[in-house]
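Just one chain is shown here, as structure tokens, and it is the form predicted on its own.
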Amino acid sequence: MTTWTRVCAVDDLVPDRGAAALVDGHQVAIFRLSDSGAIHAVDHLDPFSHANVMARGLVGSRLGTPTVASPMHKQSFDLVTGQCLDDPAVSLQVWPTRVADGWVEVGSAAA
């Protein structure tokens, strides 16, 4: 079962910029893509630097896949799967998202 946490209005997200939110005790980085309007959420914790900085990452794409690059060491992560494109042994947790009545909600597994 998924518990949904309302984090912000869709219009509060600047396209191709990240925002951080606290969801079920976890820091999450949320992105709204300018080309599709899609909302993605991944862990805010950079697994390489161990700093909560992913919301400040650089949004882009690689071969049509939406990505975010860590602002610390520039490793790129697939926003859909969380997989690091520069080191396949590393990934970010991906959080489910939805838009309800103009609000972004991020899902977490209910205990």
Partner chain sequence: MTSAVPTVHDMTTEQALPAEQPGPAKKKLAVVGAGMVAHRLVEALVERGADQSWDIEVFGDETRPPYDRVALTSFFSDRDPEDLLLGDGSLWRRPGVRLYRGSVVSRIDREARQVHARSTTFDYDKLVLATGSYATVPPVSGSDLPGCFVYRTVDDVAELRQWVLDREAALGRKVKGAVVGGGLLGLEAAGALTALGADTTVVEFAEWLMPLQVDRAGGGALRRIIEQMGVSVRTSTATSRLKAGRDGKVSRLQFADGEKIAADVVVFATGVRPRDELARDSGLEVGERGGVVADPGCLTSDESIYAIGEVAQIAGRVWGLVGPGYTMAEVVADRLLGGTATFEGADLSTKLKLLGVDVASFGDAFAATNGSLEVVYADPTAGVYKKLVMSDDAQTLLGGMLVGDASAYTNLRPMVGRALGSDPTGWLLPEGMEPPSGSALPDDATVCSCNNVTAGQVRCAVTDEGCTDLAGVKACTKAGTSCGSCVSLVKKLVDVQLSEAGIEVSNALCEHFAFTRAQLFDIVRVSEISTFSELVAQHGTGHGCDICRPVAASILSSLGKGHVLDGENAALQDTNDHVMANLQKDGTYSVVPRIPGGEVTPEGLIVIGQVAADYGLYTKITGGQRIDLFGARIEQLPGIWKRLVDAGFESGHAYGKSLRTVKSCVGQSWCRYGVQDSTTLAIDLELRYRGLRSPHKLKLGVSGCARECAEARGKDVGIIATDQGWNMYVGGNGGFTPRHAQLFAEDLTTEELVRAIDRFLMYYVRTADRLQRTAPWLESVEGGIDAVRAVVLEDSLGIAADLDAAMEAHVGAYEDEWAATLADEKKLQRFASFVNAPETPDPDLVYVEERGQRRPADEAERAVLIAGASLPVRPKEVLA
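Nothing here was measured: the structure is a model prediction, and the numbers come from that model. Numbering follows the first chain given and starts at 1.
Not pictured, yet referred to below: the form predicted together with the partner chain.
The three residues A38, Q83 and L92 each lack any heavy atom within 4.5 Å of the partner chain in the predicted complex. Proximity of L22 to the partner chain in the predicted complex: non-hydrogen atoms within 4.5 Å are present. For R98, no non-hydrogen atom is located within 4.5 Å of the partner chain in the predicted complex, even though that partner is not displayed.
Residue contact with the partner chain in the predicted complex: D16 places a heavy atom within 4.5 Å of it. Residues A69, P71, M72, K74, S76 are the ones in 69-104 with at least one heavy atom within 4.5 Å of the partner chain in the predicted complex, listed in sequence order.
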